[in-house]
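Read the single chain below, which is given as structure tokens and is the form predicted alone.
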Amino acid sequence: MFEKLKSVFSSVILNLSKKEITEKEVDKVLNELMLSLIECDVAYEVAEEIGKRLKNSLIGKKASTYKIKELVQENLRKTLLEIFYEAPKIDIIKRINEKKEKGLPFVILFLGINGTGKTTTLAKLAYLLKKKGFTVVLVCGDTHRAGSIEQLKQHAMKLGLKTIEQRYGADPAAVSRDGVTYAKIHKLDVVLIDSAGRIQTDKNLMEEILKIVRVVSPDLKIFVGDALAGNDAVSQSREFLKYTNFDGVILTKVDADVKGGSAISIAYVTKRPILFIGTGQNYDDLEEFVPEKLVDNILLRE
């Protein structure tokens, strides 16, 4: 996982460790860093920002006072963590419990384009919440893609959960409203709403998702991005944010991502927290995203 990004940062730490920390030497290494980060799917503006923050944290430090390798590594770690922690933290479990105390269901809407693993990710989160003792209903809000309703119903059957659906071509907002109504009547804790995958530039489909938002007022809107899509995932997240103002991100296929740049870029560009990462095909292959764990892994830090 993230092998190329690990190699890039390892090289930077090694190169700067061999030099005096002068502005000229730092600039030279950071220019190489920027190019390497871009090759790892880090967006240009993000690579530039990482370089700028790292430079500001290093210039003026006296090499005689510090072990240079540790100094560079710690400042890289600080720089990356600052990017992840610019986003507000979201405690989903706490927020679900707060709604539960009021006797109301917590409504989560899943957004993204086709092929990111959105429906499977929804099922993974349903599995996690069920394990934590919450009652959950799944809503088949994707009434466009052939087989989408059957796919979600299959997941629901395996998980022992109820689905709310209508026919293909039905209004997704109406199906979503039915799901929320069902949850209120049956005093269920969580409503997970699937939605049709849509290209971020398709304004008609974006209007459709906004209609769902207006009708059911979801407590949480989650953008599901594909780590393997690299800079495409970054541009998709930027456009979805513009239209939907989503609250958080789940990044899928992270286990197969050798580059690793999309996680950093999406966090920086959207200023939204990465909530979970998908690390496999099984229902329990959904991990809470912990920035320190990711950054220490990238920097090969124990």
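Since the structure is predicted, the reported quantities are computational estimates derived from the model, not experimental observations. Note that residue numbering begins at 1 and tracks the sequence as displayed.
Another form, the form predicted together with guanosine-5'-diphosphate (GDP), is not on view; read the next lines as being about it.
Not displayed here, guanosine-5'-diphosphate (GDP) is approached by Gly117 to within 4.5 Å at the level of heavy atoms in the model of the complex. Contact check for Lys259: every heavy atom lies farther than 4.5 Å from guanosine-5'-diphosphate (GDP) in the model of the complex. In the model of the complex, guanosine-5'-diphosphate (GDP) stays beyond 4.5 Å of every heavy atom belonging to Gln166. In the model of the complex, Asp255 approaches guanosine-5'-diphosphate (GDP) with a heavy atom inside 4.5 Å. Between 207-215, 168-176, 84-92, 118-126, the stretch whose residues reach within 4.5 angstroms of guanosine-5'-diphosphate (GDP) in the model of the complex through a non-hydrogen atom is 118-126. Arg145 is the sole member of Lys78, Lys99, Arg145, Lys162 with a non-hydrogen atom within 4.5 Å of guanosine-5'-diphosphate (GDP) in the model of the complex.
The contact with guanosine-5'-diphosphate (GDP) in the model of the complex, taken as any heavy atom within 4.5 Å, belongs to Gln151 out of Gln151, Asn231, Thr181, Thr135. In the model of the complex, not one residue of 77-107 has a heavy atom within 4.5 Å of guanosine-5'-diphosphate (GDP).
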